[in-house]
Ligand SMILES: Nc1ncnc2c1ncn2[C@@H]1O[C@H](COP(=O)(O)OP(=O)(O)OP(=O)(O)O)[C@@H](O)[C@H]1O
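Before any questions on how it binds or moves, here is one chain, the form predicted on its own, in structure tokens.
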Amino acid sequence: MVDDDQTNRPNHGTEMKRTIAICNQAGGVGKTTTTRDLGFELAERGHRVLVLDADSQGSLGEFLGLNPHRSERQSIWQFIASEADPAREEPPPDMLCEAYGLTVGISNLQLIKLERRLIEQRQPHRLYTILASLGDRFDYVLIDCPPNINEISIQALFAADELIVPVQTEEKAVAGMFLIQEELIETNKRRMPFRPTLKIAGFLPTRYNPSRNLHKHCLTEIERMTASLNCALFDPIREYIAVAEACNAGKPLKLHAPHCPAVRDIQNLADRLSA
């Protein structure tokens, strides 16, 4: 719950253009690769983009070649969990780094310990306040959420303006779509009255192989369920080995394999967001 103390309430200053959380409680659905490749595509189009890793696994940094677990650089989460007043202080510049035209907020295993501090602080708006303090430095902030609901994901959902929900085209992943809707209801209870209602920008089918009947069946189910939830549905991101290879290479897919059809899928997603 948000502290009733006026000094702990969010500072409603100038905000960046759009803060989007890439969120799903399931793991392995493509949250991190979507964050990386969508961020890179938006940056290539001239937007100023911050991608923020909210998962202690640190995969976003690794997928951008930053070695977050070996880096001496402090993560921005250390500032978020510190005793600093986020309404009056900006994070030190060296807590953010650059990679492939993106500004990156890395994460690593220290986030597990930092989460305890955030729980004790009982201020779910700290990330939101810090991002707001960065003002108009960014056009987009993309948050790669953890695959579970914890204090870190609560911070991310409080900060976000909208959600993109990757859904793997497998039966188990499709069945979990209603859990997202339930969590959205709980999140909006926490946000009131400090933040506008958080909405789903759209569900994003991922790891889609159109040659597999199961995937085509699951895509049909996703279409049916998004209609019943009155939510938008983005075109699917197709599965190619080049996506995994780009992760191992620590590069955005568009740089690693520019002719991979999944690059076009990401471009379609960016088109939809920019429309």
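Don't overthink the numbering: it's just position in the shown sequence, from 1. Only a predicted model underlies this, so the values are computations on that prediction, with no experimental measurement involved.
This protein has a second form, the form predicted in complex with the named molecule, left out of what is shown; the following refers to that one.
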For this chain shown on its own, do V29, Q57 and I237 all sit within 4.5 Å of the named molecule in the predicted bound form, going by heavy atoms? yes
My question is simply whether F40 lines the interface with the named molecule in the predicted bound form - judged by any non-hydrogen atom within 4.5 Å. no
According to a 4.5 angstroms non-hydrogen atom cut-off, is M225 in contact with the named molecule in the predicted bound form? no
Would V243 show up as a contact with the named molecule in the predicted bound form if we use heavy atoms at 4.5 Å? yes
If we define contact as a non-hydrogen atom of the residue within 4.5 angstroms of the partner, is R207 a contact of the named molecule in the predicted bound form? yes
Select, from the options 226-234, 212-220, 44-52, 31-39, the stretch whose residues sit within 4.5 angstroms of the named molecule in the predicted bound form by heavy atom distance. 31-39
Option touching the named molecule, based on a heavy atom within 4.5 Å in the predicted bound form, out of G176, G101, G202, P147: P147
